[in-house]
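Shown next as structure tokens: one chain only, the form predicted alone.
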């Protein structure tokens, strides 16, 4: 019964999102154009860098395009399904979070299903880009690929959700966490567009075992592109662990969320 109620709430959430987007069409067009320009310029920057060098630690532009597209889909899936978790600090700061505590549904679910102006335009663009990058990179598409790629996208989105949830949980103590969010956004956007082997061993360790951004795209790309060892002692098949890594990481983030939620006392509004 509870799951049926949550499913009904989630359907209404998407209904409101779509209606809001249709009401403000000009805003939607501007955001879609910005998304197209942002990702287009990022890929163009990779092309400029790789046009001056034949490869980057054995990665060509074709490889890098596939690497970027993997991250792009996982990130877009997170933005489509879970981005409203990032608004929790604003709700706390404005004294609106307490309303979630008195409603008969899980608090995190309510944070995810808070209506806004969410539309899967970025996800559609990301999937189109991924298909094009897969063909361009000459990746062999077989049953293994078709089975694991959707799971890798979901795992990558869960890794993003875990990071987002950790940052939002910090707001229970610090209220304003914009600087912390900016740091992690920059870390993800800058470090995931290149193979982690170009970084120092310490950075590679952090990106793999602490904040596992490398499992969003680097390890899966290395597996499907038939690259060698990573320099971290992990075999290529580690790229298929992304779904499990995503589940474990978001579970740990949820434990931290519950810990912070149990100690939340409001902000005095």
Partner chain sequence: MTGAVEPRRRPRFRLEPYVEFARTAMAREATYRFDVFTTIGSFVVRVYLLRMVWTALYAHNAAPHELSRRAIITYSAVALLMGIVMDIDQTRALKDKLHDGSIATDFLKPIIVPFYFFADGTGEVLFHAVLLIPATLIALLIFHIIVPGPGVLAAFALSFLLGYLVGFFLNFILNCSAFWTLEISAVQLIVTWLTDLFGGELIPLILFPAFLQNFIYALPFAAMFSTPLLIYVGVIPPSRYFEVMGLQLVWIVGLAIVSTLMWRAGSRRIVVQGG
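Residue numbers count along the first chain shown, from 1. As the structure is a prediction and not an experimental result, all values here were calculated from the model.
Quick note: we don't show the form predicted in complex with the partner chain, though the next part is all about it.
A.B. asks: Taking 10, 256 and 262 as a possible spot, do all three reach the partner chain in the predicted bound form with a heavy atom inside 4.5 Å?
C.D. replies: Zero of three within 4.5 Å in the predicted bound form.
A.B. asks: Using 4.5 Å between non-hydrogen atoms, is residue 182 touching the partner chain in the predicted bound form?
C.D. replies: Residue 182: contacts the partner chain in the predicted bound form.
A.B. asks: Please tell me whether any heavy atom belonging to residue 54 falls inside 4.5 Å of a heavy atom of the partner chain, as the geometry stands in the predicted bound form.
C.D. replies: Yes, contact at 4.5 Å.
A.B. asks: In the predicted bound form, does residue 33 have a heavy atom within 4.5 Å of the partner chain?
C.D. replies: Judged by the heavy-atom cut-off of 4.5 Å, residue 33 is in contact with the partner chain in the predicted bound form.
A.B. asks: Tell me, yes or no, whether residue 187 is in contact with the partner chain in the predicted bound form, where a contact means a heavy atom of each within 4.5 Å.
C.D. replies: Within the cut-off, so yes.
A.B. asks: Would you mind picking out the stretch of 164-172, 131-139, 193-201, 86-94 that comes within 4.5 angstroms of the partner chain in the predicted bound form, counting non-hydrogen atoms?
C.D. replies: In the other structure, the partner sits against 193-201.
A.B. asks: Are there residues in 31-48 with a heavy atom within 4.5 Å of the partner chain in the predicted bound form, and which are they, in order?
C.D. replies: The stretch touches the partner through 31, 33, 34, 37, 38, 41, 44, 45, 47, 48.
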